[in-house]
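What follows is a single chain, given as structure tokens, in the form predicted on its own.
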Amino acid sequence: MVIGRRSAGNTLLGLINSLTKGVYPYPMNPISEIISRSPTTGEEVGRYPNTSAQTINELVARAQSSSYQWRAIGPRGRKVILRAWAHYLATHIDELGALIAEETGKPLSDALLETSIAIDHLSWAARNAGRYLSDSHRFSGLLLANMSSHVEYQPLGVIGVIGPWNYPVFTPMGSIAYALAAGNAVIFKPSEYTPGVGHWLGESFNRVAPSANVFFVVTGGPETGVALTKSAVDKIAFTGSTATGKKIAAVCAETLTPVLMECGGTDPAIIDRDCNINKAAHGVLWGAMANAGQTCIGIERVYVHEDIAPQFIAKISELAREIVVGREYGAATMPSQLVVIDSHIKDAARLGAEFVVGGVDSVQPPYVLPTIMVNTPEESLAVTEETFGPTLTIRPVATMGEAIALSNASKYGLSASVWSRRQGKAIARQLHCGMVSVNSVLAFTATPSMPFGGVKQSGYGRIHGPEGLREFTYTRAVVAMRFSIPLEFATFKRTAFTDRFIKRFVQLLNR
């Protein structure tokens, strides 16, 4: 395969070959089964083990043992294997896309787009880990001019990744690919709504590196996620709701296990009067309703300048009415989310929101019709909480300052979209969030070199880019003597002359 055709030193090849020999046994020791069903038809997609805590602990121990060899092959060796995995995913993209569509209910086109971006991230992490995780040399200072100083980025060990159901490949790959490229082993727990996709990812990696023992997939319900959180992993990377994230952080705090949190949001779009109204309407509508609105970085709130509000509302409403539910976007993946969406819509109606598209009966299981509300009170659930459905609130504002203030008033701070010909970047700089797209939506997701993450109750830590690689390492400072000098500082035999020299030298340097 690809591994055999790549050139490398004899030592490197030997290590790679030792990692990729034989058949990889995949013990799950299930205590029961979970059933994956299509949210569109309700038909069974597959059955997967509800992995026990004992099995998880055994896999973590196994991964810890294997991680030393994975680390030893270095960035070049890992690049060979991870690029081979990317090649396998690209070759089988139709198979994976069909499974994603079946388990999530999203259109096949969206599933293929998600997979394509995930593969791009995997390739980027594999190619760039050596560059961004290389030793960083530092100036030792004049007092320690005889010392060499550098910072190393060392892998943490074993990373536990808990993935979501809305983007079951793209989102967890932001942790899986970057953690593996950084030299860690990974235990991945996919959502119980998309276990088949997670299992497929594990099997695909094992076809490329069948004896690596550095990527394990554990399927199961919430108790499996709890067991992974309580295991001896060296870090947890979680994507999901803020409420669940808080529970995970509390458990991890007991053992000081670090966590990476990518939680929810009520992301705003700001529309200035000098924007291209047609492009803004198309972009915001897609950002709000793609994947049935089941996107953590999806747009939920719009603040539009009052001078162009009537034209913008008319255009985006026209476009929303043209959406064919079941074709442009699919069913709600998690049935219980329909209750949340319905409650937010009815709460907005009770508080006086005006519906320009859809209404209080927009939830029609398993689908939700496009819903756009105007002048929704800021205290309504549709504004303050994450709806996670194809809904949008629009509020005209007198100034961009008002739009910025309302955007920042949220307890969340994940991403935002700004539409302005002249002031886009200036507005973006004033927003309290982790990511902003100017005259576009969600552009940062398809840019592997850019960090991804939020602030406030949207979480902390970053995936993607150099920051995402370093997120799965710890820094180690190394200072080594290059040559001896007559003055010795770190000794109980330090002389009075040395003390006077240090004092005078520091005074001269800071005159």
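Residue indices: 1-based, along the sequence shown. For clarity, every value in this text was computed on a predicted model and none was experimentally measured.
Just so it is clear, the following notes concern the form predicted together with nicotinamide-adenine-dinucleotide (NAD), a form of the same protein that is not shown.
- Taking the partner from elsewhere, no residue among 103, 291 and 364 has a non-hydrogen atom within 4.5 angstroms of nicotinamide-adenine-dinucleotide (NAD) in the predicted complex.
- Using a 4.5 Å cutoff between non-hydrogen atoms, residue 174 does not count as a contact of nicotinamide-adenine-dinucleotide (NAD) in the predicted complex.
- Although the partner is absent here, residue 216 sits far enough away that none of its heavy atoms falls within 4.5 Å of nicotinamide-adenine-dinucleotide (NAD) in the predicted complex.
- Put simply, residue 190 is close to nicotinamide-adenine-dinucleotide (NAD) in the predicted complex: some heavy atom of it is within 4.5 Å.
- Taking the partner from the other structure, nicotinamide-adenine-dinucleotide (NAD) in the predicted complex has a heavy atom within 4.5 Å of a heavy atom of residue 264.
- Note on contacts: among 334, 93, 147, 325, the single residue with a heavy atom within 4.5 Å of nicotinamide-adenine-dinucleotide (NAD) in the predicted complex is 334.
- Between the options 352, 141, 222, 310, the residue in contact with nicotinamide-adenine-dinucleotide (NAD) in the predicted complex by a heavy atom within 4.5 angstroms is 222.
- Residues placing heavy atoms within 4.5 Å of nicotinamide-adenine-dinucleotide (NAD) in the predicted complex fall in a single listed stretch, namely 235-243, out of 278-286, 206-214, 128-136, 235-243.
- Of all the residues from 152-173, those having a non-hydrogen atom no more than 4.5 Å from nicotinamide-adenine-dinucleotide (NAD) in the predicted complex are 162, 163, 164, 165, 166, 171.
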